[in-house]
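First, one chain by itself: the form predicted alone, in structure tokens.
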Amino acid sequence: MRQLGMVIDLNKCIGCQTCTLACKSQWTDHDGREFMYWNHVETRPGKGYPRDWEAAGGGWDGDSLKPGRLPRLAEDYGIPADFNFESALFHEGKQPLRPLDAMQWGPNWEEDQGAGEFPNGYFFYLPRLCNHCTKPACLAACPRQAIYKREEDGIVLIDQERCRGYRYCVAACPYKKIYFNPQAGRSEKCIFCYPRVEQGIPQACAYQCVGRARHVSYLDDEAGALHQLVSVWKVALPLHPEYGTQPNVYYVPPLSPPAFEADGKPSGKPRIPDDYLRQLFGPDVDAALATLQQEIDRKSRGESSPLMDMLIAYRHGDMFRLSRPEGGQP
């Protein structure tokens, strides 16, 4: 089985949500999917979307599935609101745009809040989508065998004919990236834009990224960004590797400006706490950040850095390698 994956450089994500809109407009804009965001960008630190998904369980404990809970529509996803578009946009004496009903939670509820106190506040953006895991807990939890991995690219899909909406998959996914469609009575999730991939076109979220933060290739393509960033340079890491699902969406962790001392001078210590990044990406994040800084310094001195050239992504098309590598196996 081959595995298509994605690397997202968090140092280039500007939180513009273009990827979210690209996915939403293409896949989840109607039919019980109003609250679904197969791709979204959340501000970290924060509770995320759905709220407190990291505390909702799921994943693996060795070879055993860990119990997980179902997110609640109002409390964790947030019921999509209707807005006063008519009075705000088309009437005289236009009113400010606001929701018609009181909202308690929703996507991006904590956008740009972060943590820390002035002058050492900090936050960064974390795009999230289905990880198309090598060991997907959702697949193992489904009693209907409706979830499967495609051998040609490792994309995890739900057979809508077999699914009966039992939602064991929703509870089992530790990233809470499977959603239940109440109108269809079935579970739905990111399909990694496989109809586009089959035509050699990158995923909508990756192709539309204005920051050129997303690289797409096969893990066994030695010239591709995934192999280079994950296996050679080792600067791209999975989110919460302790969940045991072996994700195939990887992240280049965020570098940090220095924190300020009480006298206003830079301390030399990163503003984003190392412990927080270890909590997200595991202990390998220290070495990854050191490599990134080393190669940035090299580039600043005018020396060659293949790693920085790859991450800068001078040519948009070079970020996507969807064809079979020459001499490789299908």
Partner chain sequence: MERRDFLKGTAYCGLALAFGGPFTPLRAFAADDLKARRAWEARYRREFLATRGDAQGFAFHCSNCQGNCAWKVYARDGVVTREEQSAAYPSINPNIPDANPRGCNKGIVHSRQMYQADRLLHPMKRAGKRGEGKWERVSWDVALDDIAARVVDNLNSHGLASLMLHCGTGILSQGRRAAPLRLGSLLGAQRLYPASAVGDMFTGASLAYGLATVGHTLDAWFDAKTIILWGINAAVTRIPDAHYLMEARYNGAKIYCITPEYNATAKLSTDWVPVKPGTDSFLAMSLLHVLFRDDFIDRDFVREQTDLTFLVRTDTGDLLRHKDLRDKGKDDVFFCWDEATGSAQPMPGSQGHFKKSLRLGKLQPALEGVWEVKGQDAAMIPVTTVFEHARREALKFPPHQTHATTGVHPTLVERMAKDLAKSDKAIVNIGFSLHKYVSGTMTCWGAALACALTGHAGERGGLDTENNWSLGGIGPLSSPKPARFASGFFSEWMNGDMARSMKRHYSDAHLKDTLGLDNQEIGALTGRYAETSNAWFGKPRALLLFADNMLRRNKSEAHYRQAFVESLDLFVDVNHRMDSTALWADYVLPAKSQYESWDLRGELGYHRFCNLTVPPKGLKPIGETKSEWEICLLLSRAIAKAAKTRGLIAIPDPDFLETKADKAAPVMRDLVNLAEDFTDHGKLMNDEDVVRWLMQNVPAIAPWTPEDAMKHGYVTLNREAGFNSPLYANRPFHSFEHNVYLRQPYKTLSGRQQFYVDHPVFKQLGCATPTAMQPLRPKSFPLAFWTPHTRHGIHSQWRANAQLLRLQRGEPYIWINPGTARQRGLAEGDPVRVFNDVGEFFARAKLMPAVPPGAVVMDHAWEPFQFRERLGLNSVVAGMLSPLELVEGWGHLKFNPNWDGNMIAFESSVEVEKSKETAA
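Heads up, when I say rigid core I mean the largest set of C-alphas that superpose within 1.5 Å between the two forms. Residue numbers count along the first chain shown, from 1. It should be emphasised that the depicted structure is a prediction, and the values quoted were computed from it without experimental measurement.
One more form of this protein should be noted, the form predicted in complex with the partner chain, which is absent from this view; the next part is about it.
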Q.
in the predicted complex, is there a heavy atom of the partner chain that lies within 4.5 Å of any heavy atom of residue 291, even though the partner is absent here?
A. no
Q) Would residue 209 count as a contact of the partner chain in the predicted complex, using a 4.5 angstroms cut-off between non-hydrogen atoms? A) yes
(Q) Please determine whether residue 196 contacts the partner chain in the predicted complex, using a 4.5 Å cut-off between heavy atoms. (A) yes
Q: Mark residue 223 yes when one of its heavy atoms lies within 4.5 Å of a heavy atom of the partner chain in the predicted complex, and no otherwise.
A: no
Q: Select from the listed residues 216, 230, 139, 249 the one whose heavy atoms reach within 4.5 Å of the partner chain in the predicted complex.
A: 139
Q: Could you run down 5-22 and flag each residue that has a heavy atom within 4.5 Å of the partner chain in the predicted complex?
A: 9, 10, 11, 12, 13, 14, 15, 16, 17, 18, 20, 21, 22
Q) On a core-based superposition, does residue 98 travel 2 Å or more at its Cα between this form and the one not shown? A) yes
